[in-house]
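To begin, one chain is listed below as structure tokens, in the form predicted alone.
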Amino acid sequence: MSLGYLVSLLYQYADSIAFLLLAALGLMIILGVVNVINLAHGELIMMGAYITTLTYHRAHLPLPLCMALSTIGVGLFGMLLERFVIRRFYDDKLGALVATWGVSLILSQGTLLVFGPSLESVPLAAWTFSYGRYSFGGYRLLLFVIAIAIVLIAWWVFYHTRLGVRTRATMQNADMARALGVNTRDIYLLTFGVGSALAGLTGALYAPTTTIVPLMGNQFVDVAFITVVVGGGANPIVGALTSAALLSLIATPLSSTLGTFSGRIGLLIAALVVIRFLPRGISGYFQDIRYRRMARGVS
């Protein structure tokens, strides 16, 4: 095995981690805090790609500004979605599931009716570098850096800000948090907005790399749900990072040697194994270990 091939595998591993993290982090944050499975997550990613593409081609704005507008726009849409739809189903998880599925159909089919079957893609800068006989795209490495930066920012907000303390309190026991003066409705609203904004950012970042069509969210949502299931909702930050790292470690060599389809099958098998032995996911397993240590310390 040559050094160039190892570098290529490492590059693919970083690319896979970035894809899984960006696709799943917003969904996992919403599930962990709000405890709602958002089946419209793929369509929110699609919205981010569409806003980026339309503002780039029709308003002729710089691409970074288009991406920022996509993130903000989808985040605000997510807050409206929570306020007028999701909030009515917090005591009915099945109803929330059906409602978000209905929203996903409205968004995808409405986009098809308004904008047609596809849009002109956003051009991707020819930023490449080589190692031996292998060539790599610099934009993919940038996506990895952005994904890690987002995780670090989310971790800092989650553990080092007053908002993070209130959010974690709401996650652990919403009734107790309300009794202590935390406005859990505002926490749910903001959380859904942040999760939606991350979905919009994902669509914006991947707009230059994929075909812009109304059903483009499907390529993100399946791996996002697998990542969420493996990571668990006990701790969205730890769950997303550990799940993405583990699944990428499995999928990368399979995809490199046997093709993308085999890599996806590997993800499914890994998810089934994790669910069998860790029903609450990786973050739930870590949380159980921490609680057992705390219990031994008290006793």
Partner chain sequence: MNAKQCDYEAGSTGQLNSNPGSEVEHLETDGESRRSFLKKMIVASAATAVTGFPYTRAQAAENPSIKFGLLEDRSGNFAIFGINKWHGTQLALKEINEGWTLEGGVQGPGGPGVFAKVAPKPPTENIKEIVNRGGDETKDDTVWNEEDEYLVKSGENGVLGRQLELISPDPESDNSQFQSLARRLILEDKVDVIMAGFASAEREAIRPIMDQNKMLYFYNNQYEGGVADKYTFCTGAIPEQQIVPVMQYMIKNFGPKIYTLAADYNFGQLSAAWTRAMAPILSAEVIGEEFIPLSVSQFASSISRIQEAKPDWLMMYITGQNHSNYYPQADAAGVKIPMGSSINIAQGYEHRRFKAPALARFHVTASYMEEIPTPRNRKFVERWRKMFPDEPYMAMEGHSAYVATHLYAKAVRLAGTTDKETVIKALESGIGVEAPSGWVFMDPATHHLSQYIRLASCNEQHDISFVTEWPYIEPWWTRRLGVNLVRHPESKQYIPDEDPFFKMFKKKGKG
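Remember, it's a predicted structure, so these values are computed and weren't measured experimentally. Residue numbers count along the first chain shown, from 1.
There is also a form predicted in complex with its partner chain; it is not shown, and the following applies to it.
You can rule out all but one of 145-153, 70-78, 204-212, 191-199: in the predicted complex, only 204-212 has residues with a heavy atom within 4.5 Å of its partner chain. Interface membership of L258, defined by any non-hydrogen atom within 4.5 Å of its partner chain in the predicted complex, is confirmed. In the predicted complex, its partner chain sits beyond 4.5 Å of every heavy atom of Y90. Residues from 152-188 do not approach its partner chain in the predicted complex: none has a non-hydrogen atom within 4.5 Å of it.
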